[in-house]
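Consider the single chain below, provided in structure tokens and representing the form predicted on its own.
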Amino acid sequence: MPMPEINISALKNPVSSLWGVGVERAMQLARLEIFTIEDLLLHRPKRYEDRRHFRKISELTKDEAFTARGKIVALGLKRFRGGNKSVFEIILDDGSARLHCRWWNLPFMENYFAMGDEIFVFGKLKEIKPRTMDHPETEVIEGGEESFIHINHIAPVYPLTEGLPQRWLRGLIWRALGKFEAEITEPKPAPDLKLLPSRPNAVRMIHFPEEITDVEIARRRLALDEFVKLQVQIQSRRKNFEARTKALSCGGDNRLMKPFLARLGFKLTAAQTNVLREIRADMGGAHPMRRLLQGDVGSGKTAVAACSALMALESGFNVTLMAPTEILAEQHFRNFQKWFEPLGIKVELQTGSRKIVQSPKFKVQSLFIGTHALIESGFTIENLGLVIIDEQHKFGVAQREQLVRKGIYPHLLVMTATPIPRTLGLTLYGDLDISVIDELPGGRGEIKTFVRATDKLAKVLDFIREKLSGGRQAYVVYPRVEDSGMKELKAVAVEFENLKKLLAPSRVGLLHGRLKPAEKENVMADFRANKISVLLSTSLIEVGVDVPNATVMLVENAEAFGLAQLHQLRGRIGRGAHESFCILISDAKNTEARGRLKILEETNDGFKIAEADLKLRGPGELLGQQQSGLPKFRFGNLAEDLDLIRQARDLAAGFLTGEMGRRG
């Protein structure tokens, strides 16, 4: 199926084919991932300087960064005793005042300036008397035929690498645009050019805008092209998959479902019921189900997974459920044993520490629950109808495919309690259908969240002791297992003895990833049985641990965790009828860190939290760029561009339908 193309000719030539780009310059550009002429033309400026308007040096303030222009009237390099430290300084004069610019321990900077040079300088004052900037961005003003692109214009300022001058790169891009702009063609499918600039015009506008408002117009056009290319790939993959596969009939007949629901002890919510209708339609349809189930912590995804498994089991097929940790796999094993064995269904557990003794074929329909051990080459499953993956964000795409390949195109249900921002849902999981459980079961206690400084810890521990004396249980979470020398981060192994004394006579248990599987299970069993009142742990407990009597969550060094991770941790409480309390301890001075924690204080809505996390950290940081499978977008912004992604999805769908019609 055709893919959108930008160009197949001159733009693919190496950047070294351009005049003035020798071996050294080509190596510098390669460090910026610029290898071809196309890469050069799509090298996005990091910001813009409106050089039509300067601030006089005498008017500079410490409040914000400004662009100024002046002549070098003095310069020099000073080395301190020992020779390891230095400061290079230039003094500029623009007729209104003087400005000192300093570079610490960068002696090579003296090679870039000469007495009498006119230069632009961009930065923020560090001192007022005398006016001083440390490590400002600078550019020497030179004459020549290209000087008009550097002065009296809105000038692009590019990401650079050592030894590559800003002015040189700007000039190179200007010349390349002049020569190759006509080679930039519209991709297929192209957007409506009555509403957006052409692609060649957008590339020019992103580099050399006439007005600063042109930049966002150009960015959106180029971002749309990126999203369209990705959507065509995603939708082509899905269409090709459906064309070559036939679904196993796993719609079920309700002979197991009805007694299961009757024995469940609670009624499914309307949201759970709606999702099950979508899943039943998929599992009885013509193509293998590929569905992502999102639901906030405590929304009842496990019950939906159980009903989905029963549909496949009723239809004569086996089912697997893979979880990221042994603790979660063992919890699922206990729950499903309790639910399924009265129905005559065998439930097996396969983890690193517990292996199934396999017979050549399983005579009865079974549910196989496990960790990564399920995808080991020696483990086989006959007649696999449904694969369920819990907390899918903990697994890579390749691991998901390994498990699916244990069968012949089984249905696939992947679940996450980490709500996925809509933009990521349409890109990262664009080849999956998405279901959302957007309703929590009734009878749950409210969760209140508070952010407190370390000096309030004694009062917080008094509060925990009060709750423990009332029969409740608590979690205490630290970011590390052992002391690594980072004094600001607490470690469970170090704090365990201290916490036992502080919370005596309540019994404190210790849980972390370095314990042996049997030790972990013993601690969890004691906590579930209320033999342990306080569980001291790392973030190991963030998924799946379900103890309704635990109503307090204390997280120390909360700033060391991501927003979504803290929301997951908070989801371990509020699972019973009692009011619950999440207390986040942090002395973070960083404005962003404090802002993140404030979001948790203000909302329990996982989707709002996920959107905020995406804006603060970006998708690569949030998901891990390699594991996520997301391309690196030059212009697209997954935190902001939902409308463009939807537009791209529609453009791609219309294009592929038209292509198939022409081929048909």
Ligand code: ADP
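What you are looking at is a predicted structure, and each value in this text was computed from that prediction instead of being measured. Note that residue numbering follows the sequence shown and begins at 1.
The next section is about a form of this same protein that is not shown, the form predicted in complex with the ligand.
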item	value
Partner-facing stretch of 97 to 105, 453 to 461, 316 to 324, 264 to 272, counted where any non-hydrogen atom is within 4.5 angstroms of the ligand in the predicted bound form	264 to 272
Partner contact for Arg444 in the predicted bound form: the ligand, 4.5 angstroms, heavy atom	yes
Contact label in the predicted bound form: Asp438 to the ligand, heavy atom within 4.5 Å	no
Contact test in the predicted bound form: Gln231 vs the ligand, heavy atoms, 4.5 Å	no
Contact label in the predicted bound form: Gly509 to the ligand, heavy atom within 4.5 Å	no
The single option of Val297, Ile279, Ile173, Leu584 touching the ligand in the predicted bound form, heavy atom within 4.5 Å	Val297
Partner-contacting position among Arg575, Arg570, Arg221, Arg131 - heavy atom within 4.5 Å of the ligand in the predicted bound form	Arg575
